[in-house]
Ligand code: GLU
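Okay, here we've got a single chain as structure tokens, the form predicted on its own, with questions on binding and movement later.
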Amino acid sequence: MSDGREELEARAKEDDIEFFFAMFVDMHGKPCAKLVPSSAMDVLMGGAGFAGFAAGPMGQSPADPDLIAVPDPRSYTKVPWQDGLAVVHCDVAVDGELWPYSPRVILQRQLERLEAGLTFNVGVEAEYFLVRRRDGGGIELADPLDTAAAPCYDAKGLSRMYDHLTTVSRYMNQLGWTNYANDHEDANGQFEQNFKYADALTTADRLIFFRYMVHTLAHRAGMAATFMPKPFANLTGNGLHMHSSLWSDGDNMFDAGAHDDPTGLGLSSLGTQFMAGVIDHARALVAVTCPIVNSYKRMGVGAPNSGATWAPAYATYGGNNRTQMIRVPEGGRFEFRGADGAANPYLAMTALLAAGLDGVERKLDPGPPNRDNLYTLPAAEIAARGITSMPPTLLHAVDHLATDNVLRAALGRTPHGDYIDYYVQTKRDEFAAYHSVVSAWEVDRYLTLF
């Protein structure tokens, strides 16, 4: 079987590529790369070496052998704003074996568990803010005129950021991603730029590149971009809505037929069972899809100054109803709203697929769709209906994750035990570090209270 070298060399020659970024991500989704000259193709194809302990949480100590980032030629992406540069996403290996701490490897192993002929397609909506750093510390919106009380879809806000947004749009289309919408989102300074869905691995690769592209272009324009879930306490946070469907030989298996629509929302029985699995595993799933302490400042039912939270407070589903964790906007797909801008797409899609397939295997029934505005439904009514609340903190979420055997199996084994235990401990340490910091809020509230 070809390793794709000839195709990669041909594309590099056609695009006049002088350098490659050999890129992979750590647990947090941070892109790590080495710059390899195209003249060193033997080095690139053999795998660029990294000291794994220095790269981030990748299951290594300083005593361990190098991580070897082996390029996947299918992921070749010409960098539109930098002549002579291309990115290739890599699968990490150690001592000649794929490394089970590598998020991209974890997703591919989960995809291999799909029945022959099935494809898991995902589309993502990545929200972000454009900001500037203050000289005295902190951040402010990059556009000082973006102060409207209801800024969502504001044409004037779009116009002021026209150069940035249209540049990103053109580059996405040059890459063949099919950008189909760009809008000012619900918060001041917040934007969303959409591209067409693809198979899960391709979409995950594209999202990593998209974030890298938005960061780079914002920096070149004297701004900073942030996908942080909740950078401003008084504004709507950054979500990562994920639209999912299973396909077989060009047919959407989630699309309801004339006699196969159990919820009346256009989802087949397969899609409905898949959705039910996501709901059943929601409290553990969000430890992966909302993976940092800041994520849980975005969730809840209270509205920020700029509008609704748009983040789920409960594990529910409904039709075209954005107060639900799962929205079914039309037949053939559903939108999972329980992910945010900090999500590592490889791990998030692994967990989402595993939860859904468990629902299919157990033929779970999600019950009737919820048609209420869950942001205003009284707590007593929530409790009476037995509706499951989302975890209030990262610590609560990872405690749920630690006991979820389906997600444990999906995230796989490592030489040192289950990956889920490594992930959970990393996140518990993260929460402990956060919790040990004394905040200005605490000082203001308690300093002279007693």
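One rule holds for the numbers: they count along the sequence shown, beginning at 1. On a predicted model such as this, the values are computed, not experimentally measured, just so you know.
Another form exists, predicted in complex with this ligand; not displayed. Remarks below refer to it.
Q: Would you mind picking the one in Q110, T236, Q273, T316 that has a heavy atom within 4.5 Å of this ligand in the predicted bound form?
A: Among Q110, T236, Q273, T316, a heavy atom within 4.5 Å of this ligand in the predicted bound form occurs only for T236.
Q. What is the one choice in R333, R206, R298, H281 with a heavy atom within 4.5 Å of this ligand in the predicted bound form?
A. In short, R298.
(Q) When the contact criterion is heavy atoms within 4.5 Å, does W310 count as touching this ligand in the predicted bound form? (A) Yes, W310 lies within 4.5 Å of this ligand in the predicted bound form.
Q: Examine S268 and determine whether its closest non-hydrogen atom to this ligand in the predicted bound form is within 4.5 angstroms.
A: Result no; S268 lies far from this ligand in the predicted bound form.
**Q.** Partner proximity in the predicted bound form: E127 to this ligand, non-hydrogen atom cutoff 4.5 Å
**A.** Flag for E127 set to yes.
(Q) When the contact criterion is heavy atoms within 4.5 Å, does D358 count as touching this ligand in the predicted bound form? (A) D358 lies outside the contact set for this ligand.
Q. Out of 139-147, 168-176, 284-292, 189-197, where are the residues with a heavy atom within 4.5 Å of this ligand in the predicted bound form?
A. Residues of 189-197 come within 4.5 Å of the partner.
Q. Counting only heavy atoms and a 4.5 Å cut-off, does this ligand in the predicted bound form sit next to every one of R11, D72 and H89?
A. No, the whole trio is out of contact, none within 4.5 Å by any heavy atom.
Q.
Residue by residue through 318-334, which ones have a non-hydrogen atom no more than 4.5 angstroms from this ligand in the predicted bound form?
A. If the 4.5 Å heavy-atom criterion is applied to this ligand in the predicted bound form, 318-334 yields only R322.
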